[in-house]
Ligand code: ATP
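Okay, here we've got a single chain as structure tokens, the form predicted alone, with questions on binding and movement later.
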Amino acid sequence: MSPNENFYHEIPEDHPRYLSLKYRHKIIEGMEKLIVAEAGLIAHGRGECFDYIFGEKTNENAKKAIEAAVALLLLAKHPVISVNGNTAALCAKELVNFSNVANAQLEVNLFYAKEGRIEAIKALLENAGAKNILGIKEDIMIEIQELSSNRRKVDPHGIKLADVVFVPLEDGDRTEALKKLGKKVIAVDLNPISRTSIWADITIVDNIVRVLPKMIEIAKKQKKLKKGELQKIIKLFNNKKNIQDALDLIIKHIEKQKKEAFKILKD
């Protein structure tokens, strides 16, 4: 048993930060297994900060974005779910489950192409039940000219052909590049003013560990709807308003915390 695995035996489940600590250690474990890049720990910590501000729960604003995102994926001709190390480490089973329910392909796409990472993520996804994973055959990969990072390498049968790309925990440069290529982009980002959030067609401002189970639940319901009903869900969604509402929620929560903190300090 590694020192990181001891965590689950040392922290009681009634600890107020149990879930946050649990996911933090899943990321650390992922790094130890080459699934997560070292920089992924920093990215996760940044997300934790925003999640704390949002009260670590899925709000109504995020639920509307999730509904629109699922509808867009179900209507897509060639939907692809882009998988990075952090997402795989946190939600491998959910990724596989959602890809099956939404009939969307999984494609591994990494910013840091450390030797062994793709193989580690592939093994993790396969253990979770994934089949026909894209983005793992170096000899067939092609490049997106709009990018210079390692993310420019995409699978010719996946992101290259995709009309809708779901990019959880994404960096902004590729979201911008995908948009310029005429693709619809769905993003999950706890920072509502990141480049990813601003450039995406649908931005889910929430934690990926809560988003994917909700997407699976909604997809099962929406698959029973007619095409026109799915189109209506998308038409009623406004991403600009979605981001504005997310920022308002941050302000509201900080004001509430400010009052509570002052009350404690006064006492």
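Because the structure is a prediction, the values reported are computed rather than measured. Counting begins at 1, following the sequence as shown.
Only in words, not in the display: the form predicted in complex with the named molecule, which the text now covers.
**Student:** Among 95, 121, 188, 165, which has any heavy atom within 4.5 Å of the named molecule in the model of the complex?
**Tutor:** When the named molecule is considered in the model of the complex, the option within 4.5 Å is 188.
**Student:** Heavy atoms within 4.5 Å of the named molecule in the model of the complex: which stretch in 61 to 69, 235 to 243, 217 to 225, 37 to 45 meets that?
**Tutor:** That would be stretch 37 to 45.
**Student:** Is residue 196 close enough to the named molecule in the model of the complex to count, meaning some heavy atom within 4.5 Å?
**Tutor:** Residue 196: contacts the named molecule in the model of the complex.
**Student:** With the partner left out of view, is residue 208 within 4.5 angstroms of the named molecule in the model of the complex by any non-hydrogen atom?
**Tutor:** Flag for residue 208 set to yes.
**Student:** Might residue 169 be said to contact the named molecule in the model of the complex, defining contact as any heavy atom within 4.5 Å?
**Tutor:** Looking in the model of the complex, residue contacts with the named molecule include residue 169, since a heavy atom lies within 4.5 Å.
**Student:** Just checking whether residue 50 would be counted as a contact of the named molecule in the model of the complex - the rule being heavy atoms within 4.5 angstroms.
**Tutor:** The answer is yes: residue 50 has a heavy atom within 4.5 Å of the named molecule.
**Student:** Can you name the residues of 80 to 98 that have a non-hydrogen atom within 4.5 angstroms of the named molecule in the model of the complex?
**Tutor:** Contacting residue: only 90.
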